[in-house]
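Taking the form predicted alone, here's one chain by itself in structure tokens.
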């Protein structure tokens, strides 16, 4: 049985993994599902590796389970997202792609050999084309006390809401900025959750900064309108406090927050400062270049118009190529799959261009509001992080220690490993990377593009000897 044989229903035996495949897709979020479906439509053998237990990614997480309960049909804050996700998931399930949930990719070798772990055993395959759709990760928002039990990210709370139906109770506060913060608030309130207040840390003057981009943003007015509706709904029942300084305090766990010096009782604090592309795998692939995005203040892989990287056969699509949202990600996945079909001789260049033309126009429309949103919610400045704040949670390295390292001659994130051990813990810099990088740049007085990020190495995820031993078989 080849890697592209029919997908088996949940609970049935999975098809075996062949030694080769035409296309390997990493991730089953919007970009990954769309890429796999499009690739299968052109007769290619497709293997999809996904760390989650079901397709959907973060935006469409557990959408199939909610569809089974009829929740997708309800008119609530996530209605459009869930309907999009349900369509993507249904097409993906019907495509015949070999879907491997709970599978963690941890290495990519030259010439397209890929390694992953699944069911306690490591596996490998040779792929002609690799489409990385790893999505985005939340930008950390380090504040004094953010490592206390009772402090977590808005994204983590949203996962608990979508997968387990867990809603906030007690003295629950949201703090930070960005669309996801308001979306989660609407979703939680719709499920009967309680929110004590929202601490709005967005820099003042957002509308003035964003006004030059308004005309372009109105190419997709539904995004702006949806955001206004979310804020209006939340502000009817939840107090919003503009603030510049936030601290979490407690003895052994969160007990209170200090907002510009004013104390408030707190049982749970949810933090959010936007999202950044997940580049953990791409930064480990030799020869795959990255560039600094001065607007979103993050690193993103260097790509051509089709999603090709500098490494032959390796492509990137979706938010891992640059934050654009779920619909833009799905369109990027389809465009990348068309390029893969052309590269493997399944369609001609003219056919690729003809099919991709309308998709690219739609993607441009979906991306139209990005500059407006980026101007409204620029990343919070790392220079304002107090010295006592922990940046690297694994090694308990504070912002002050990183600044001391810079004063001693540390120029980049990788050097901080020798000076402070920051980024050397179990998460390998996935959580602290943006903050450590930003603090170094601010301390040096240079732009982020002049500071090297953490250099990742394969395996990019923890790997046991038992898993490796399976490769010998």
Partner chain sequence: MFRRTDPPDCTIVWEGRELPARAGESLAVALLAAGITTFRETPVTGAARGPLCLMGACFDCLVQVEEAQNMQACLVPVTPGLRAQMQHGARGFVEDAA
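Positions refer to the first chain, counted from 1. Since we're looking at a predicted model, the values are computed, not measured.
Only in words, not in the display: the form predicted in complex with its partner chain, which the text now covers.
Partner contacts here mean any heavy atom within 4.5 Å of its partner chain in the predicted complex, and among 197-205, 345-353, 213-221, 161-169 they occur only in 161-169. Shown alone here, residue 426 lies within 4.5 Å of its partner chain in the predicted complex, counting heavy atoms only. Its partner chain in the predicted complex comes within 4.5 Å of no heavy atom belonging to residue 261. Among residues of the shown chain, residue 449 is not one whose heavy atoms approach its partner chain to within 4.5 Å in the predicted complex.
Residue contact with its partner chain in the predicted complex: residue 177 places no heavy atom within 4.5 Å of it. Here is the short version: of 59, 62, 431, 47, the single residue with a heavy atom within 4.5 Å of its partner chain in the predicted complex is 431. Note on the partner interface in the predicted complex: the residue among 372, 299, 92, 146 having a heavy atom within 4.5 angstroms of its partner chain is 146. The three marked residues, 226, 331 and 337, fail to reach its partner chain in the predicted complex, with no heavy atom of any inside 4.5 Å.
Contacts of stretch 237-252 with its partner chain in the predicted complex, defined by any heavy atom lying within 4.5 Å, are made by 252 alone.
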